[in-house]
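One chain comes next, on its own, written out as structure tokens in the form predicted on its own.
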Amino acid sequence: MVQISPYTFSAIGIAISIGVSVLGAAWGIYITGSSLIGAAIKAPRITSKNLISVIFCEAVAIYGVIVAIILQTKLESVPASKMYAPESLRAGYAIFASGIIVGFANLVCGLCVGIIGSSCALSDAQNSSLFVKILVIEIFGSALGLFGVIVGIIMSAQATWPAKTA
């Protein structure tokens, strides 16, 4: 693993951060949207107010984009002589691990919010007094993505590249 450039690890981590986060958001929107459309046949009134569940799912993708931008700013050029220095490897691995944590936390968050949003739409179609109660639970599910973002930012703080020599 030492022969793989730390920039490769960094790039893969950044790609996983945004790619898997978008996958989680898409999966959540699919789950919520299909239930919302199905339940709207019985109760058309639920369509507009249950779109908040789709917005929560979309926020998951935005978390991934934000972290990918933050991780991208952590990249610095390093002379070839210091490419495989321990400090360079640590920085590459830190960005890689941060991207993986954020990506998979957002994947799970997207699924969680999608499933809760689905049950929110179906419950609201049956009994409109349940909407706010389930929405509160959906907010707690959405917090999982924020926890992943916070952990990813803390981990990426370890990404310090070797100083350039003049």
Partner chain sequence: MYGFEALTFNIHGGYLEAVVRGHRSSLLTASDYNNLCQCETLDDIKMHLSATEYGPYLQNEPSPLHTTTIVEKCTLKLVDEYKHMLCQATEPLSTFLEYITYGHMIDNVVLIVTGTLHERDVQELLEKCHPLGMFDSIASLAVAQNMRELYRLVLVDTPLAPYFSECITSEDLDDMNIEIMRNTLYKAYLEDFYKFCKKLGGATAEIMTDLLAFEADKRAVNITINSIGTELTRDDRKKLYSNFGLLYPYGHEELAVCEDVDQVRGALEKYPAYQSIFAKLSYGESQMLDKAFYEEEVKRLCLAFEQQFHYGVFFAYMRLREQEIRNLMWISECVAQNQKSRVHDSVVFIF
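Remember, predicted model here, so these are calculated numbers, not experimental data. Positions refer to the first chain, counted from 1.
One more form of this protein, predicted together with its partner chain, exists but is not displayed; see below.
Undergrad: Just one of Ala97, Ala61, Leu111, Ile134 has a heavy atom within 4.5 angstroms of its partner chain in the predicted complex, so which one?
TA: Only one listed residue qualifies here, and that residue is Leu111.
Undergrad: Heavy atom within 4.5 Å of its partner chain in the predicted complex: which of Ile70, Leu122, Ile101, Val54 fits that? Just give me the one.
TA: In short, Leu122.
Undergrad: Please determine whether Ser34 contacts its partner chain in the predicted complex, using a 4.5 Å cut-off between heavy atoms.
TA: Ser34: contacts its partner chain in the predicted complex.
Undergrad: Even though the partner isn't displayed, in the predicted complex is Ile66 close enough to its partner chain, meaning a heavy atom within 4.5 Å?
TA: So Ile66 does not count as contacting its partner chain.
Undergrad: If we define contact as a non-hydrogen atom of the residue within 4.5 angstroms of the partner, is Ile115 a contact of its partner chain in the predicted complex?
TA: Close contact exists here: in the predicted complex, Ile115 approaches its partner chain to within 4.5 Å, heavy atoms only.
Undergrad: Wondering, does Gln126 line up within 4.5 Å of its partner chain in the predicted complex on heavy atoms?
TA: Looking in the predicted complex, residue contacts with its partner chain include Gln126, since a heavy atom lies within 4.5 Å.
Undergrad: Determine the residues of 33-49 with a heavy atom within 4.5 Å of its partner chain in the predicted complex and present them in sequence order; the list may be empty.
TA: Residues within 4.5 Å: Ser34, Ser35, Ile37, Gly38, Ala39, Ile41, Lys42.
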